[in-house]
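The chain below stands alone and is given in structure tokens; this is the form predicted on its own.
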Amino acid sequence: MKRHFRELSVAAALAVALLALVVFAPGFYQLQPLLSLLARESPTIVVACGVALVIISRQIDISVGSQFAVCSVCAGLLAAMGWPLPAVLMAAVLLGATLGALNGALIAGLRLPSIVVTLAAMVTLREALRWLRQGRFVDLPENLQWLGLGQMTGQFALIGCAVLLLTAMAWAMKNLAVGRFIYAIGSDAEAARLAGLRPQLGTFLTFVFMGALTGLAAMMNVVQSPQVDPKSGTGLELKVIAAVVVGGVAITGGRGNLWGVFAGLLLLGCISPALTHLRVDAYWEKAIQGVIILLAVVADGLRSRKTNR
């Protein structure tokens, strides 16, 4: 119980918020708006899972928003050229994995700070995309939208895909050796090395996997609209990092689980529609999110101080 206090606290806060909306804004629970909200957040859930692994391994990736935009535009262009959906999906995932591998090679191979490498990647990818597209949207074929299943069925499919991936990764992190490996290199990379593990290889593969998940999330975003915005993913990196921290993943690495990240993302994600239904000015959203993040960071700091003592 004590071990998962942060995650349980976030889940309790989310439950209180949802119960309050039942009383004060029951319109929040109308089926179609709620489905639309969850479908829009599905790609974010996928990216947040990858970012959580990166932070647990004591690294950080702030280039995910730019990777997301590049993968989205490339997937859109391939779809517009007539590529079938499975091929477009595979291309988006491979492109994301390649971008992640470039980051991972610089961080794990050359031992460069991840914050510097991914900051450079974020700016480079975003500016290159802006120069190439000049703000032009990519028009998509009609059969691509909602996977060709229709809006409601497509929304259920995207939500199911995100939850299935989250469940599988949460189980793997708890029960498989690869999960324990990530926790080990995040807790103490040198101790992991002395135990026979290869922390640099683990770091590299974590960034590759992070990139692949970003490519998958980009494809999940592409199928939700008739056009691809080259500015898609703007601010995504801050949103997922905030959800990961709020969800109980230690920014210093080695601790946290994906269910807490899921609760943190839902808590932050429901603020905007809740304010809309409560008829509260939208500018309060960032203020409320900021307070929640600050409380999470303070709680993490107090816990670390208590542990050190």
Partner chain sequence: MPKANNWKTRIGGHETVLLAVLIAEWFYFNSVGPRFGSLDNSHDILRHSVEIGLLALALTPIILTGGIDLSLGSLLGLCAIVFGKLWRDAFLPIPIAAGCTLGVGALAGALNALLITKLRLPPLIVTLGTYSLFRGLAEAITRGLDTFTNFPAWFLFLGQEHWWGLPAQALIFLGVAAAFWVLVHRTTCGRSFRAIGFSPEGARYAGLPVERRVALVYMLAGLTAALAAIIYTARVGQAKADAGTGYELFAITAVVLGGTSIFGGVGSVHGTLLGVAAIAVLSNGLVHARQPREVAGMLTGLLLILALSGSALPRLLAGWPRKPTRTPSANST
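Residue numbers count along the first chain shown, from 1. On a predicted model such as this, the values are computed, not experimentally measured, just so you know.
The next section is about a form of this same protein that is not shown, the form predicted in complex with the partner chain.
- The partner chain in the predicted complex comes within 4.5 Å of no heavy atom belonging to residue 143.
- Interface membership of residue 119, defined by any non-hydrogen atom within 4.5 Å of the partner chain in the predicted complex, is confirmed.
- Contact between residue 252 and the partner chain in the predicted complex is found at the 4.5 Å heavy atom cutoff.
- The closest heavy atom approach of residue 14 to the partner chain in the predicted complex falls outside 4.5 Å.
- Exactly one of the stretches 188-196, 221-229, 92-100, 77-85 approaches the partner chain in the predicted complex with heavy atoms within 4.5 Å, and it is 188-196.
- Across the proposed site, 139, 161 and 167 without exception lack any heavy atom within 4.5 Å of the partner chain in the predicted complex.
- With contact defined as any non-hydrogen atom lying within 4.5 angstroms of the partner chain in the predicted complex, the contacting residues in 219-243 are 238, 241, given in sequence order.
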